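This text opens with one protein chain seen in two forms, each one given by itself as structure tokens under the names structure 1 and structure 2.
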Structure 1
């Protein structure tokens, strides 16, 4: 590529849309062109730059290191151009911030608080993408990701702890009325509700309180923590759940913590911002910090 030569802007535009979706087909739908047109334009851009931007597999594509770098560094510029165009026409811009978060944390902590963000920042539209994958394996690009610990982040993304957390025992008042839980050994007469990806929480909590051989009467397994919490509200058993996921269930009396002094500290919730993010993402990150400080 000649020094100072701009890439073909139409091809760059198609690349950015395909990179955002990680799909040529979905990019074609958004741009109202054919899949082949997107593929040809991206290929032309790759030839112009002399590097591969996508790794192409059967029915899916992923960004190469060069593709991620190009996306991170050119997407803000394209958004700035769009903002300038809107300014010329006199229309107030609405900017988006793409938030990658796990499902249960989104349902139980983030979404109930989002009305506050929208009210405070009407010019910024939060776009929530739920995913169980680690941030470095995210299925599509993000501006900010939220996860529990400091591992599994892409290079160039520094995770920032913002919310302390801990595990505690929860159960419905109706369940405790039938069979009270005044001490840990009383859990042996109840059904344990667990998330299949967090089976270790129960063992870690037992070891923490010094009863590693404690066994529940039965065990029911679910896909997500928010489903476990609903099962607990409905009286199916007790759960060992992170405090960050309690929502309003304890405050409104749907769940209680029968062993309040027996809690296991967890790794904090963290957020990480992608390289080249705009001001709106920094605004969202600052809002996360304020929300965590509120408790």
Structure 2
């Protein structure tokens, strides 16, 4: 006989958080789920044990005698498990994943998502090296590189597309309020924000919509897309950038897309793994795929 029948462990985990907060809702926030999920898991644990663990009052819950006992006895055990897990990952040589990525993609897409990776894989330490050079000219060795191009990779490395992309025109809502844009032509009244290394984007876009000779009122040039985005948020003018770089600025209303129908396809973002990489890099690549699929 092993350890005797264990209770449902994830339900127990949620119970412990709920017991600590004495609140399903606050536990739900900590666990990144809805309060309904916590309610159901606690109920499942109670049914497994055949004992009520919480007393449900109105708008609040409190622990029963059995709930208090269970909390007191299992919480240290969970701490012990967490500590053991940390101990094991710590003692390992912790070979990090060396990631080579361009500045704007790093700042606007990768870094905001890295905390998720660290939480999922605490034993793998990502090292991010931003670099503008092509992967085959990289000054430092890397395990995985991320670029938009399908070419320009060291021999033996095959680029794997993982994130579809497109160019969008964006501006701050305050700017549009002052001078609304009904049709693309009206852009002639505005300032365009240009990325130095991608100054053909506006020309491509103008050609794409059939107005190659459109002349803006002014042009401001910056050396990275993420700086252009900051300038756009601050109402300096119109930006044309890849959808993948938008982050929360559109969702939270700091930027809007005044001409949503006019989009320019863009090569997908790709990653390429150096030959002879370890399992950690593979895990990171799969995580990239998943993150991209989440949109």
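Please read these numbers as outputs of a predicted model, since none were measured by experiment. Between two forms, the rigid core is defined as the largest C-alpha subset superposing within 1.5 Å. Residue numbers count along the first chain shown, from 1.
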Of structures 1 and 2, which is the form predicted on its own? 1
Large Cα move at residue 165 between structures 1 and 2, threshold 2 Å, rigid core: no
So that I can tell if residue 254 moves, could you say whether its C-alpha shifts by at least 2 Å between structures 1 and 2 after the core superposition? no
Core fit, then residue 130 C-alpha moves 2 Å or more between structures 1 and 2: no
In Å, how far apart are the CA positions of residue 14 between structures 1 and 2 with the rigid core superposed? 48.8
